[in-house]
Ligand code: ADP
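Quick heads-up: it's one chain on its own, the form predicted on its own, in structure tokens.
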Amino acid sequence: MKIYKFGGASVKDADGVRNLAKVIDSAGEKDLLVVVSAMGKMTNHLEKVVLAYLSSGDDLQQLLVDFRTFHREILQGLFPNNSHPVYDSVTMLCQKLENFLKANRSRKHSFVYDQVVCYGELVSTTIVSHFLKDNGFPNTWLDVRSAVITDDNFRDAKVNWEETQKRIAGLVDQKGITITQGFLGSDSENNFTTTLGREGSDYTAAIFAFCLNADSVTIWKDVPGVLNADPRYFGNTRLLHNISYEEAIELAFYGASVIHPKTLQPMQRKEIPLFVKSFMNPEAAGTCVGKGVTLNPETSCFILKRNQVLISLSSLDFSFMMEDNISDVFRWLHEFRMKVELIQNSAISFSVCVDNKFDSLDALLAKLRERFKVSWHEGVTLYTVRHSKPTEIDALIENKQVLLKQESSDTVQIVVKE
């Protein structure tokens, strides 16, 4: 069995869904599990629904209408017969979303977030499943929440691998085609919907690959494969034909956007190759991540992360920053759900670059100021360069204010104010 994953860009409209069917047809694979993300920018749209709901915003109803309208237009492009059963299926899912918002009593953002954003994937896979059935691809639609079991750490849930393996073994027929959702799971305690973190659909594909001992995973994207830099920010990018698991994990850890950081570990454990290919040019080879060649071609790789926060600490009495101080800092970073991107310390100072994705910076700073002298810079940019040349670093920091630079044998990281 092989695993395919299609992201939101690949199913952003009716033509995208038709192209998905063409990709499956051209590949000629009979035994597939297909993971599909929400269509287009619907996860972003549903995030706005969450914010409007929690703030009692006047735009909530319009956002819900827009969600229905977006998908109805895609349905009309794919299913001219308005009495097709897919219309009722999608309407029912939209109604479930609205019913949750009416009945829910929790004001916890992360909980509400997971119960709401899941409808992007549930609707998209329902549409894809029906379209494939109508076009010669019989398939089974699987609610991934019944298969991927997690803890209740909403928005960043951890997989219960033992239970998930049992569920997948019992639910997935390794013959034929199964359509399921990325990004989602359910907690073992209350069966509430959980999510695996943004871009977690790649991780979902890896979870199924591991549990099913799949032959390979292919991630279908709107780029030709894994590039050595994001073409939105860097010129003269190069396609990486082969990457070792280790190198890909390093790139993902530092924030390379093509592969989700958690995707690679389960695949490496069973040496399952990962292909990243273009859904616009499915015949092209793309990129293969697996055992063997570290990096082909051998070239520098550039990663950029915007809107980071650089926090610098020093002791109030100029005493050393020892293990007990630093351990407290890391405990608070974990408590306030800050993703650490870079750390640097000296005898009397400690700096950390973090991603404030859970909007808890103010609370963290208040806690830190109880023990340390604190300074910080918001809105900074973190550059990470693997296998760099000195001239490339010089060009990168030209006309920028360098706040911090850290260098090892293979990696240079620079925090700048642009």
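Here the structure is a predicted model, which means the values were calculated and not measured. Numbering starts at 1 and runs along the sequence shown.
Beyond the structure shown, there is the form predicted in complex with the ligand, which is absent from this document and is the topic of what follows.
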Within 4.5 Å of the ligand in the predicted bound form, counting heavy atoms only, one of 265-273, 225-233, 145-153, 85-93 shows up; tell me which. 225-233
If we define contact as a non-hydrogen atom of the residue within 4.5 angstroms of the partner, is residue 199 a contact of the ligand in the predicted bound form? yes
With the partner left out of view, is residue 217 within 4.5 angstroms of the ligand in the predicted bound form by any non-hydrogen atom? no
Using heavy atoms and a 4.5 Å limit, would one call residue 256 a contact residue for the ligand in the predicted bound form? yes
Report whether the minimum heavy atom distance between residue 9 and the ligand in the predicted bound form is within 4.5 Å. yes
Heavy atom within 4.5 Å of the ligand in the predicted bound form: which residues of 372-403 qualify? none
